[in-house]
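Below you will find one chain, with nothing else, as structure tokens; this is the form predicted alone, and questions on how it binds or moves follow later.
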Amino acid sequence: MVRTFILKSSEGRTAPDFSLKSLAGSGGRMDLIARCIIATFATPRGIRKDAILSIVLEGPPNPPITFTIDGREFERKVIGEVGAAEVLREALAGRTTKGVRVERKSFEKLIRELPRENLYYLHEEGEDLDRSIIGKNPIFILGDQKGIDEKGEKLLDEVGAKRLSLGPFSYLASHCIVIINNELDQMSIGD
């Protein structure tokens, strides 16, 4: 099973001009993006190979850009925020890394290209994850600190994304990824 996470980053910088010393302060909440990379791929054993992360960057100067890491090919272990942000900055600068790609692609185009089955939108008012049956090769869609805007939500409803809740509170995007990875790992143990 391959799990895919899609993060809609409303402020994510679309140029490699952000400071690695001030990921939160240099604009675009690049710290949030770096933590999502870590949450998706970092394990005590190395890189998680059963995950894909796509981040749709919608911030200045030239949106939209979709940045994707495919764990099946990715070989660079990322532990800290700076290391994770370096992967993104290098990709935005045009330096290629195995398992990483950058495309001029909007959130809408990315979502419309996905298979319609097993799409899950993480939302506080969704069905409880513990009561849900997660299909094979699930795709989880989440927003940044601003969430997903009304236009994005209408699109997700249109393509039939099922709303899932992780609990009674809003969680950081990176925490949502960790929770889902844990839940899917537990499900795999019983297989």
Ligand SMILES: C[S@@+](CC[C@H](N)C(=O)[O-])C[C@H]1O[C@@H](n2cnc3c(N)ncnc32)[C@H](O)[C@@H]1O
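Just so we're clear, the structure is a prediction, and the values are computed from it rather than from any experiment. All residue numbers are counted from 1 along the displayed sequence.
One more form of this protein exists, namely the form predicted together with the ligand; it is left out here, but the text below deals with it.
A.B. asks: Would you point out which of 63-71, 143-151, 39-47, 130-138 contains residues with a non-hydrogen atom within 4.5 Å of the ligand in the predicted bound form?
C.D. replies: Flagged stretch: 143-151.
A.B. asks: Please determine whether residue 165 contacts the ligand in the predicted bound form, using a 4.5 Å cut-off between heavy atoms.
C.D. replies: Looking in the predicted bound form, residue contacts with the ligand include residue 165, since a heavy atom lies within 4.5 Å.
A.B. asks: Is there a heavy atom of residue 170 lying 4.5 Å or less from a heavy atom of the ligand in the predicted bound form?
C.D. replies: Result yes; residue 170 sits at the interface with the ligand in the predicted bound form.
A.B. asks: Going by a heavy atom distance of 4.5 Å, is residue 23 a contact of the ligand in the predicted bound form?
C.D. replies: No - in the predicted bound form, heavy atoms of residue 23 and the ligand never come within 4.5 Å of each other.
A.B. asks: Give a yes/no on whether residue 122 approaches the ligand to within 4.5 Å in the predicted bound form, heavy atoms considered.
C.D. replies: Answer yes; at least one heavy atom of residue 122 falls within 4.5 Å of the ligand in the predicted bound form.
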